[in-house]
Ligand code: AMP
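A lone chain, given as structure tokens: the form predicted alone.
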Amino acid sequence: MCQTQVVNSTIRVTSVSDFLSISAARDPQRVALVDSATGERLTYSELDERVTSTAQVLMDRGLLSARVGDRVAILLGNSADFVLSYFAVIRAGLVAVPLNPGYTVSELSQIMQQCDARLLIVDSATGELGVTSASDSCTVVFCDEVITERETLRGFLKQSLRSLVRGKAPSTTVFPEVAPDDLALLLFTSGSDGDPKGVMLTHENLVSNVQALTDLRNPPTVSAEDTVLAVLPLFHVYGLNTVLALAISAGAGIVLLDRFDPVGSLEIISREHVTTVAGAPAMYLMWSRVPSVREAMRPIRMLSSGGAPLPPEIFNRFEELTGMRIYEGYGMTETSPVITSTVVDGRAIAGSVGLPIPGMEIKIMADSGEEAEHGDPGEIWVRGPGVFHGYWPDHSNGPDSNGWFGTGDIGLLDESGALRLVDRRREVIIVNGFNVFPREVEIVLEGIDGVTEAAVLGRSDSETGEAVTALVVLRPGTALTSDEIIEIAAQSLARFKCPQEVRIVESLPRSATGKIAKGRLREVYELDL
């Protein structure tokens, strides 16, 4: 049932679910997953069998009857159920749409409508949110057993996914063959116009990025002897492909952690003998404040960071405390995600995000449209098998005819050819590694009764990298306070998108064409952002 081909004694992997089948065949009794919340432990053999059974249920015409290419949304935290659901969706030839459980009903409803999901998989923690967000044409199925008290909810199945799997007779279901360029994953990010955009990633995109990372051997990104901490959210491409799929491909053990707590996570690292950690800058900052961090990190052989630039002061401070350097990478959802990494040449240097991974090309383009002189900053363009095929549903705004995609980020190549980031995508605010497009927040603020206009910017934050700040103009006579505006906005925005600070101002500076002159906001209002 594994979708692989043997060519010249080597295995060609078609989808990420093949990584699981291969690892299960190679070392069936190796512990694949440890769910730190429930204590559940699954071997590779058990995980592979459950994925196969779940995929059969998803395809069964008498049960859920999903068809090849249908979108299946997954609204779950980091758990064994997420892993089972994701690989089962891929194995069944369906398209996975992971969703952020921190989103509001309005945010989820908009995404669910856009992707026209056939199924939505939830659990007892996310079920009510999911049922409320799903359209009438979407079937909601719980992956756990908590059912009876929620039977009045619309669209609710009277059986859970687990009970459906248990009640299904053994089957010899033949899973559909998928082509490398078939859609596998649809990830929604906030668009610059306020609407979510669906990034279309194919099987080839995902597989190629994992294989490029496994080719790095000095030091190896992951091996079968490693135990990997999976605390980055699996609904995000970084946690999903660079942590989960990469670890599965190597046959490593994976410890799932749904919430990051600096002290609790260090205890889990020690208890489970974790050897590899992929994190975000805020994690390393918080760990550096724990007195026992040096002792707790002794089992670790590999630390990496991504999702947002790692400030040199955090890099240096962590090395001072632990004696360990953090390998940093650069990527984006549209590139599956890794573009460069300091693991490529084994040189972890503060401020550097490294060389391109195998198969990936980068170039730095000046405003003139020509390649920038070596050492000069410009927009980063990328090309390679991990680059997406455009945005949902019509492949719009994807790579050009030569396969190049402009990231919008500004960088330069140093004397060794490694990439250094100079600036982020224009106007994007990065909170804990997640992109916040100001216009999305501005639309919500401007929808509040009494608010006439709003401008949103990012400010530096020692905990999250950046935080959202809003300047708001009120209609004359309106008595809204900053706290009230934040409270109302929180009803429509995920926590990381919601403004942490709102300043009420009389007016906003404008350009000659009448647009808000965001470049002048810091100067006019003396903002220390």
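It should be emphasised that the depicted structure is a prediction, and the values quoted were computed from it without experimental measurement. Numbers follow the displayed sequence, beginning with 1.
The form predicted in complex with the ligand is left out here; the points below concern that form.
With the partner omitted from this view, the residue of Gly279, Gly411, Pro309, Gly127 that lies near the ligand in the predicted bound form is Pro309 [heavy atom within 4.5 Å]. This chain appears without its partner; in the predicted bound form, the one residue of Met332, Leu185, Val228, Cys143 with a heavy atom within 4.5 Å of the ligand is Met332. Proximity of Leu421 to the ligand in the predicted bound form falls within the 4.5 Å heavy atom cutoff.
Contact check for Asn435: a heavy atom falls within 4.5 Å of the ligand in the predicted bound form. When contacts are judged by a 4.5 Å heavy atom cut-off, Val353 counts as touching the ligand in the predicted bound form. The closest heavy atom approach of Glu440 to the ligand in the predicted bound form falls outside 4.5 Å. Only one segment in the set 321-329, 82-90, 267-275, 115-123 has residues whose heavy atoms sit within 4.5 Å of the ligand in the predicted bound form; it is 321-329.
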